[in-house]
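As a starting point, one isolated chain is supplied in structure tokens, in the form predicted on its own.
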């Protein structure tokens, strides 16, 4: 088994896919603990869809302007980040909870982004192919340049969370107490959503919406299932985000199956195993 696994990753594009998956899995695994505990799972998928709409807008604009492929790639990155910033602003506004619940704004953002992406992709010469890559991803085609771009963005996100870990935790899970001692929870909330949005915007360029969303949720749920302490949940979630990558890629290569779907299924098996461990502890 080990020999077969090593043989798989002697191929250049498989090594690139492994590196990209490990980076995305680790960063999404860490942020996913916040996403699950703060009950903002739908925010994650909404930001991912808005990032997709930004890419679709960039592809349509690039085609209309007749840009070269390299310029196209830079423009899609700018479009994804710009739309995520719009989403962060939209979801951070204090809506009247009596008349307009926050979930309504998130739902509107998701629906409009999805509709806009579909319309723009339909007008793009290569729209259908790009839409499939955005939704399901093609981790096997990532380049070292793509990996480097995400690594830079991921490093910035990780650095912010390392420097301000106490502030993020305190304002996320006890905002009233944090406010009474001088913190400004709304500002930290916006910053958290910004780090989440940046991660999503750059990650879907590598692995697609489906895998990013799965890696934001499943590793965190697995970690929170097997451990009772929050400080342990973060490293466990990072590990659970990274572990399924190699196994999923190996299965997809050996059986000629979609790589992203295989990684998601391995993540789900890990989640089931975590649930089994939790049940045995209670017995």
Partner chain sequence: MTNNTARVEDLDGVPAPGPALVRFTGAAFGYGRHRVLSDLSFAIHAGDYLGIVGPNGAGKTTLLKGVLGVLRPQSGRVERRHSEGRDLRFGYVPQINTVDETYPLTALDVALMGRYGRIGPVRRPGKEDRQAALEALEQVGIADLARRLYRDLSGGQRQRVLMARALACEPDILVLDEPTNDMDIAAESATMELIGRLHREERLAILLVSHMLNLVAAHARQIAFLGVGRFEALPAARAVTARHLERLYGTRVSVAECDGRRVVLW
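Positions refer to the first chain, counted from 1. No experiment lies behind these values; they were computed from the predicted model shown.
The same protein also has a form predicted together with the partner chain, omitted here; what follows describes it.
**Q** Select from the listed residues 230, 239, 247, 41 the one whose heavy atoms reach within 4.5 Å of the partner chain in the predicted bound form.
**A** Partner contact (heavy atom, 4.5 Å) among the options: 230.
**Q** Can you check 77-85, 141-149, 114-122, 172-180 and let me know which stretch has heavy atoms within 4.5 Å of the partner chain in the predicted bound form?
**A** Going by heavy atoms within 4.5 Å, the stretch is 172-180.
**Q** In the predicted bound form, does residue 37 have a heavy atom within 4.5 Å of the partner chain?
**A** Output for residue 37 is yes: heavy atoms within 4.5 Å of the partner chain.
**Q** Under a 4.5 Å heavy atom criterion, is residue 167 part of the interface with the partner chain in the predicted bound form?
**A** Taking the distances in the predicted bound form, the answer for residue 167 is yes, it comes within 4.5 Å of the partner chain.
**Q** Should residue 224 be classed as touching the partner chain in the predicted bound form when contacts are defined as heavy atoms within 4.5 Å?
**A** Result yes; residue 224 sits at the interface with the partner chain in the predicted bound form.
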